[in-house]
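Okay, so here's just one chain, in structure tokens, the form predicted on its own.
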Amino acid sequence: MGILKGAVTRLLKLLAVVLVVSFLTFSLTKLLPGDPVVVLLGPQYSNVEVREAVQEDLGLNKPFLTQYVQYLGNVAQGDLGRSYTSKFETTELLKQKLPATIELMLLAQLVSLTLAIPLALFSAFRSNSRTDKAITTASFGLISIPGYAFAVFLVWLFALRFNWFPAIGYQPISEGIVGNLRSIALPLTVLVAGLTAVYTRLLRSDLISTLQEDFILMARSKGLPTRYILARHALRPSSFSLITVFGIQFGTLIGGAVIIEQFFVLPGIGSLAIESILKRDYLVVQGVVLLIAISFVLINFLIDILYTILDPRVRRAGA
């Protein structure tokens, strides 16, 4: 019951965060320059009665708090509004753009962890060796290189010089897995490079501390294989910082995806956000920000739940 109560408490706090984000987003879009009515009718349309009718139809003539409460009520029913420019429902636009972003983010996290964990284990076990120094130097180098600069280099090398991968564009999985993977290979590499470097450095540092603990010395004295000690006894207690950063990096990925999707012309959430801001399509902007906030909150909630599974101390504290 204690763990369940703690989970409910966390969920309520996260819901409060989502409400605050939605309120701030709604407020900021109202402060931005531009009038939705002008977007709909055009700057040359001067009929005052028609303008007032459109304002009333959109609810823009109501007080601010009334508009916000009405917006929340619509969101609770799954209605995020309709785009001013394309006339499509915001939810429909999000459904169209989500697959590319989700695929890019999930693959980036999965590939990064797959590379970072063995690199960190080997680097920590061979601490201060030439291999460890090489991995450390490479990690610092990848962290210090801006993503957009690395993207330019990859496009020049693999798209223009060798013609191995397309420079821009996206092919859905439904049209072929090979074509899909080729279309996201370069943007995926940009994201994976930075994530792998961060995860490797973080996990290596924690592993070095863990390998100096008494229970590791006890495991070695029993004659257990080194691989078993690293994977079974050292990795789990060293992974808590990695799990925390893993959840936080989803937010970083969303921000990075905006630049990467624009650079590689990927039809994702980041591109939709930029297009909507430039067109002053504020209902779509609100929908994108709300979706990102809910996703980030849910991911961190799942990370908290994962803590209770991996760490007995958290379970005892919750109980």
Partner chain sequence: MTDLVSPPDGIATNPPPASPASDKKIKTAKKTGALGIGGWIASIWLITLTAAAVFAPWLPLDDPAKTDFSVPKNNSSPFTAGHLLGTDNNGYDILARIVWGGRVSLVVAAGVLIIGMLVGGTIGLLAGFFRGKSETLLMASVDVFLAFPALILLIAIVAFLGADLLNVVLGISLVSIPAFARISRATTLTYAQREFVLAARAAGASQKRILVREILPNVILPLLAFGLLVVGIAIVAEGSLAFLGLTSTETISWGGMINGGKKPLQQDNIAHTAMIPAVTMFLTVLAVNVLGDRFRAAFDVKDSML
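Note that the coordinates shown come from a computational prediction; the quantities given were computed from them, not determined experimentally. Residue numbers count along the first chain shown, from 1.
As for the form predicted in complex with the partner chain, it is not shown, yet the points below apply to it.
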Report task. Using a 4.5 Å heavy atom cut-off, state whether Val258 contacts the partner chain in the model of the complex. Result -> yes
**Report entry** Partner proximity in the model of the complex: Ala167 to the partner chain, non-hydrogen atom cutoff 4.5 Å
**Finding:** yes
Query raised in the report: Does the partner chain come within 4.5 Å of any heavy atom of Leu283 in the model of the complex?
Result: no
Query raised in the report: Looking at the partner-bound form in the model of the complex, is Leu65 within 4.5 Å of the partner chain by any heavy atom?
Result: no
Query raised in the report: If you check Val152, Val75, Ile229, Leu115 against the partner chain in the model of the complex, which one has a heavy atom within 4.5 Å?
Result: Val152
Query raised in the report: Of the options Val111, Leu98, Ile145, Leu211, which one has a non-hydrogen atom that comes within 4.5 Å of the partner chain in the model of the complex?
Result: Ile145
Report task. Tell me whether Val21, Ile254 and Ala293, taken together, all sit within 4.5 Å of the partner chain in the model of the complex, counting heavy atoms only. Result -> yes
Query raised in the report: Heavy atoms within 4.5 Å of the partner chain in the model of the complex: which stretch among 190-198, 115-123, 172-180, 99-107?
Result: 190-198
**Report entry** Residues within 4.5 Å of the partner chain in the model of the complex, restricted to 269-283 and counted by heavy atom
**Finding:** Ala273, Ile274, Ile277, Leu278, Arg280, Tyr282
